[in-house]
Every structure is written in structure tokens, then in C-alpha cells.
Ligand SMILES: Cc1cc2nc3c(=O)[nH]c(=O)nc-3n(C[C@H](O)[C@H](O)[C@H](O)COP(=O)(O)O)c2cc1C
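For reference, the chain that follows is the form predicted alone, supplied as C-alpha cells.
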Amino acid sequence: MKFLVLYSTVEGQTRKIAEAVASHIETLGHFVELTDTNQVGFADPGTGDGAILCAPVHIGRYPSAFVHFLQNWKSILNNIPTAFISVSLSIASTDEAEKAEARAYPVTLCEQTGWKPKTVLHCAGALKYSEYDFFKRWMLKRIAAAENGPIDARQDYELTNWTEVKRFVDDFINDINTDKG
């Protein structure tokens, strides 16, 4: 089978997740086309047996180019099996209200765009202190401290659960095979 892994990224962690998804699909013996939806000349989603889309949430929003991509391609995406990996640090929170807010982001996105993915994974991203400017580093350290999270800004912290990502991909592909079977 042929799968598309389409992503949008802001700080690079979502690209890393999409690359891991594509690599895992290839190890399962499938063909994969990996494309950044922010780039001109992206893949036509109608050419695959299924698609996994990945996008980060920053300040309560997905990247506008990703939203526009969904608005433009929703009719084709809704005609093939699709899955969505929503990347947000809020999902790693110990505060249930923050987790609930993170779970609502894809619902709002789907209402806004008309896209209907078959399944959604809420995935934590990374704290990349080394890449942040002074203000962003200060703000994220305060948030992390309130969560009893990592605050040593001399290093970065990857919060992505890679086992969960692989399991999500496996389940999605198994569901497609079951539906075809």
C-alpha cells in the first residue's frame, strides 16, 4: 500500500515525528511519501491508500498553512482513510483542564475545515530551550515549573512517546486492512 505522511512544523519536532511515522510505515513494507504541507508542490493526497497528517499547536492554533491545506483538500482527504497526530505540550500537562483543552484543538480544527480524520493521536512535543529566545525560554520555564516539569534550560527535553506513535500507526494500518478485508 501507499501512504502519505503530510506534516506542518514550527520548531521541527513535528517533522521529526512525521519522519518517524514514515520510517515505521516503510519498515512494515509499505511505500511512503513524506511531504511538508507548507511547501509548494506538496503531494496530492488522492494518490495514496491512506494518509497520516501531523501538525503542532502553538498558542492554541495550528499553523495557518496547515489549516489552508485542509480546507483546500478536505474533499479528497475525506474520501481516503486519514489519521491525525496533534502535537502539543499541553497534552503532557498534569492539569486535566489543560489536557482537555489540548484534546479540543483537533475538534475545533475539524469543525473549521470540514476534514474528518478516522482517528486522532494527542502527542507531546519537545521543550527546546536551546532554540528559544530569552522571553520564550523564560515563559516556558515558568509553565514547566508550575507543572513540575523540566526547567534546566541548558538542555532540551523530548516529551514525545515514540512507542505510542508506533502503536498509533500500527492500529491505523491494521484498521485499513480490516476495512478492506
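A residue's number is simply how far along the shown sequence it sits, counting from 1. Fair warning: this is a prediction, and the values are worked out from it, not measured in the lab.
In what follows, reference is made to the form predicted in complex with the named molecule, a form of this protein that is not presented.
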item	value
Contact residue in the predicted complex, from 126, 67, 32, 120 (heavy atom within 4.5 Å of the named molecule)	126
Full three-residue contact with the named molecule in the predicted complex, heavy atom 4.5 Å, for 9, 60 and 90	yes
Distance check, residue 105 to the named molecule in the predicted complex, heavy atom within 4.5 Å	yes
Distance check, residue 143 to the named molecule in the predicted complex, heavy atom within 4.5 Å	yes
